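Only one chain is included here, represented as C-alpha cells and corresponding to the form predicted alone.
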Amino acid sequence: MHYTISQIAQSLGLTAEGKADLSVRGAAEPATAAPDQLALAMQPSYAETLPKGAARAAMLWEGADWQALGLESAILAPRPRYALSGLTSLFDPGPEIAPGIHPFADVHPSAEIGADAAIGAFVQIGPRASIGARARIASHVSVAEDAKIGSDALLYSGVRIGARVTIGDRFTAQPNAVIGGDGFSFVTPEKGAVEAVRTTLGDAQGLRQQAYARIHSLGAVKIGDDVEVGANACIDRGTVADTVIGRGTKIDNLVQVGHNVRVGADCLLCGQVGIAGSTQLGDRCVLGGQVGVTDHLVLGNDVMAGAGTLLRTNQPDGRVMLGNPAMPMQASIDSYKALRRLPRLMRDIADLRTRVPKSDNHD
C-alpha cells in the first residue's frame, strides 16, 4: 500500500511541501524510518533523531524548517497528533476478511445480511439477526437472535453480541468483547448481611449470608453510532430497560459496564474502568484507567476522573476528581503532598518533645 506525499496531505486536509510525488509505503519513528517510509517527527525533540534513520519525508509540526532537516518532502500539521489519526487510518488495512459469507459460517436462514458484507469462518449469526451493509465480521464471532448491527461495522475475532442487542453504524469491537451478557444481579430470600451493612455501615450481627437467587436480565443493550469497544470489555444488558451507550463513546480493553447503566455521547472509558449497575453518565465524561463508579450514581456532563479514582457520590457537570477517597483534583494532589510530609512531621514532633523541658508545674 503506497501513497504519495501529495495524496496523504490531501486526505488529511494539509499541504505537501517539497517533492510531493514522493511515494511512501507506511510510517515509522524517525530513527528507524526507511527511505520509503514517512517519519513521524511531530515535535522538535523527535526531529533530533532523523539523522539516525533514512527518511526522505516526514510529518512535522507547523513552522518546521523541513529543508534544514535534510528532507526532500514534508507535511506540516498544526495539530500533529490529530493528523496522526487520519494517517494511521489511511495505512491500517484492518483484518483480512474475504468478501461474502465464508462456507464455514453458520448464518440462520431468517437472518438479514446487508450488501457487500464480509463474514469470516466459524461465525454464527442467529435467527432474525440483522447485519448492515459493508459489515466486516472476523472468525469465531457470534451474533445472537434478534440482534441488529448497523452498516460499516467491524467485529474482530471472538466478539459476542447477545440477544436483542441493537447497535448503530460504524461500530468497532476488538477481540473477545462481550455485548449483552446477563447483569450481575442477585437477591436473597430475606434481608441478608450485604443489605444490612449498607444500612448500618458495618453492623451485621445476627445476620448470616444466604443463598443467592438470580434476577434475570430481560432488557438488552442499545449502542449508538460510531462507538468502539475494546478487547475483553463487557457490557451487560439491563434488568428490564436497556443498558445504553451513547454515540461516539470509546470503551477501552477490560472495561465493565454493569446492567442498566446509561453512558452519554462521546465518553471515554479507559482500561479496567468498572461502572456498577444503574449508574448514569452524562456526555463527554472521561474516566481514566481503573476508575470505579459505584451503583445508582449520576455523573453530569464533562465529568473527569483520573486513574484509580473511586467515585462513590454523584458528581455535577464539569467536576474533575482524583484519588480514593475521590476529591476535586487539586485537593487530592494537596492531600497527597501532605501525606508524603507526614514522616518528616512526626520526626520533627519527636525532636521537639526531646527539647521541651518536662515539668510538673502547670501554672
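Sequential numbering from 1, following the sequence displayed. Everything numeric in this text was worked out from a predicted model, so none of it was measured. Each form is matched to the other, and the largest set of C-alpha atoms that superpose within 1.5 Å is called the rigid core.
Keep in mind that the form predicted together with a further copy of the same chain is missing from the display, and what follows is about it.
Contact between A115 and a further copy of the same chain in the model of the complex is not found at the 4.5 Å heavy atom cutoff. a further copy of the same chain is not shown here, and in the model of the complex it never comes within 4.5 Å of any heavy atom of I245. Taking the partner from the other structure, a further copy of the same chain in the model of the complex has a heavy atom within 4.5 Å of a heavy atom of R341. A residue is said to contact a partner when one of its heavy atoms sits within 4.5 Å of a partner heavy atom; P99 fails this definition for a further copy of the same chain in the model of the complex, lying far away.
Scanning A111, A220, C234, L76 against a further copy of the same chain in the model of the complex with a 4.5 Å heavy atom cut-off leaves one residue, C234. Checking N314, T49, S335, Q67 against a further copy of the same chain in the model of the complex, a heavy atom within 4.5 Å turns up for just one residue: S335. Proximity to a further copy of the same chain in the model of the complex holds for none of S11, G132 and G264, with the criterion being a heavy atom within 4.5 Å. Although a further copy of the same chain is not shown here, in the model of the complex the stretch 61-84 places heavy atoms of R79, R81, Y82, L84 within 4.5 Å of it, in sequence order. Residue displacement note: D21 has its CA displaced by under 2 Å between the shown form and the other one (rigid core superposed).
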